[in-house]
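Only one chain is included here, represented as C-alpha cells and corresponding to the form predicted alone.
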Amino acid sequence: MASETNLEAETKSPVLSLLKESSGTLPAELRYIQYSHSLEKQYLPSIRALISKDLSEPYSIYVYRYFLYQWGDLCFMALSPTTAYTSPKLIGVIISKLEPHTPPSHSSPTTLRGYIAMLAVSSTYRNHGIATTLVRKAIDAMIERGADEVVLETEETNVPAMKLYERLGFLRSKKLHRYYLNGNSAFRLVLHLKAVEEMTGNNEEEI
C-alpha cells in the first residue's frame, strides 16, 4: 500500500465538484448506509466510477482502500430505491478519515482531526440535499468518536461546494495557491466542533 505521504499527493483534489444540479422529485425510499468491508465487492467499483467522473485523473484503488479499510465507519453511501426490476444503485458517497493532528509549529495542541477526502453525487440526483445529508452523517460519526474539528479542501471556483460547507458551519482558514494539478487554487475549510478550552483541557469550572 502506498505511504500516507504519497496518498496525500495523489488525493490533492479531494472534495469533488458539486456542479449545477438537476431538479426533480427525489424518491422517498432513498437509503443511506454506512460502508463496511463486507460491501467492498458490491460497491467499491461503483464508488470508484462515481468519484472518477469528477476527476481529471482517477485515483488508484489503493487510495480508496487506504480510507475505507481504516475509516469505513466514517464513509456513507446513498442508494437508490430497490424495485421489482432493479437492485439498489449507488448515487452518492462520502469518504473521510479521523486521526490526531499536530501543527508543524507545535504552538497549538494536538487535535483529533476529521478530514473529508471525497464527496460525489450522481448528476441525476443532485439538488436534493443528498450531499448535505452525507456530510452531516460523516460529521456526526466523527463527533461520536471525539473529533475536535473537521477540515477539507475545495476549489475556490467551486461555488456550490463552498456554499454547502459554509451552510454547515465551515469557515475558510487558508487559501492554497495553485493547489490542484490544473493550476487552480483551493480554500481549506475548517469546522470547529469544540471550544479551544475543551481541546487544551483547560475547561475547569470556576469556583
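Computed from a prediction, not measured in an experiment: that's the story for all the values here. Position 1 is the first residue in the sequence shown; the rest follow in order.
The following text describes the form predicted in complex with a small molecule, which does not appear among the structures shown.
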State the residue from Glu149, Glu40, Glu156, Asp54 whose non-hydrogen atoms include one within 4.5 Å of the small molecule in the model of the complex. Asp54
The single option of His177, Arg31, Arg167, Arg172 touching the small molecule in the model of the complex, heavy atom within 4.5 Å: Arg167
Partner contact for Val121 in the model of the complex: the small molecule, 4.5 angstroms, heavy atom: yes
Residue-level question: is Ala161 within 4.5 Å of the small molecule in the model of the complex, judged on heavy atoms? yes
Does the small molecule get within 4.5 angstroms of any non-hydrogen atom of Pro103 in the model of the complex? no
is_contact(Ile130, the small molecule) in the model of the complex, heavy atom dist at most 4.5 Å: yes
